[in-house]
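Next up: just one chain, as structure tokens, the form predicted alone.
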Amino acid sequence: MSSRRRLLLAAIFAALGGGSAAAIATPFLCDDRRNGDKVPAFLRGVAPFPHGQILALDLAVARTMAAEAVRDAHRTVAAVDGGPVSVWLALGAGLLREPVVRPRHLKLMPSFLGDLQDPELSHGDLLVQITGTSAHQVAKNTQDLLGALPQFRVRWRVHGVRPENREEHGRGLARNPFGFTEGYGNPADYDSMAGRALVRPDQGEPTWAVGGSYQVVRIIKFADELWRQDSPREQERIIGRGRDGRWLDGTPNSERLDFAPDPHGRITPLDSHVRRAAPDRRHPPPLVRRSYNYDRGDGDRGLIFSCFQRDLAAGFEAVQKRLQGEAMAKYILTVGGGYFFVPPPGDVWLNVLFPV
């Protein structure tokens, strides 16, 4: 780890009331990162657990009882998290009504060009995500958790899986519903991943938010029948990569491709997904993707896109604006999701936002 990165992580956790620089930095270097005391649940492991449930909850009690409800949720999540499951909660904009303490970019997720958001699949006061090694374990933990939180009602929920979930060249990869491998844009080392995802002390965010992360969830329906009408070669040109991740000019999937020698898009089309998302692959977007596939039956299947970043405007929103007009747009439809903020480890934020 570079001295600059070590100082940054030390500053983040010092703001959380942590210890010395050496003691703070150590968990980010440990081999078993799923069990590191300071590693946020949503960043444990190079590849996340293969099964997940995402629950968006709304308060089912009066707003005057919000503090007690959120504190109960925090305690319940902390009790479940660990071992074969990773569990975390994230705060929705509706739960934080005081702009003085709200993270700067936290708001209701807007509808971008081409979205058709279903209100019943969007937003929420609280997001709880449960990931684990087996679907059975995740389902059991989900039911136990919901039973312990009568102060909340489910606004929406969706189950996801990561087919062919694996680590390759230090990155967590999986197959999306169209059969293409995703995850190559993620960092290949943990401290870089934390550097992209965790809020820094110098960002102008409320002090309590330092070490937390903005989570974006997008429920994206895929048009399978329309997609299958295109040839495999055309599908690869729409994505901008081969199914195995190899670049269209033959460059290995583990390398950062330079698009400069192909200014007119003869090899990799200018409107391909990967080229619109990151025109300069040597400087990928400052976010960490951790997505899952979903299948709700009756042809409703697609991607639970999920990403974490320290700066929502520079991360997801900058990518989303570049993607407008991409060739893939006619094959996908965002129908739900939301913006949330994952608080930093510990309970300092509880005392600030929800004092007893």
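Being a predicted model, the structure only gives us computed values, none of them experimental. Numbers follow the displayed sequence, beginning with 1.
The form predicted together with a small molecule is left out here; the points below concern that form.
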Next on the checklist: Looking at 328, 69, 312, 46 here, can you tell me which has any non-hydrogen atom within 4.5 angstroms of the small molecule in the predicted bound form?
Outcome noted: 328
Checklist outcome for this item: None of 209, 239, 90, 130 but one has a heavy atom within 4.5 Å of the small molecule in the predicted bound form; the exception is 239
Next on the checklist: With the distance limit set at 4.5 angstroms and only heavy atoms considered, check whether 157, 308 and 339 all reach the small molecule in the predicted bound form.
Outcome noted: no
Checklist entry - Of 199-207, 94-102, 263-271, 282-290, which is the one stretch near the small molecule in the predicted bound form, taking non-hydrogen atoms within 4.5 angstroms as near? => result 282-290
Next on the checklist: Would you classify residue 185 as touching the small molecule in the predicted bound form, given a 4.5 Å non-hydrogen atom cut-off?
Outcome noted: yes
Next on the checklist: Just checking whether residue 178 would be counted as a contact of the small molecule in the predicted bound form - the rule being heavy atoms within 4.5 angstroms.
Outcome noted: yes
Checklist entry - Is residue 332 close enough to the small molecule in the predicted bound form to count, meaning some heavy atom within 4.5 Å? => result yes
Next on the checklist: Is residue 222 part of the interface with the small molecule in the predicted bound form - any heavy atom within 4.5 Å?
Outcome noted: yes
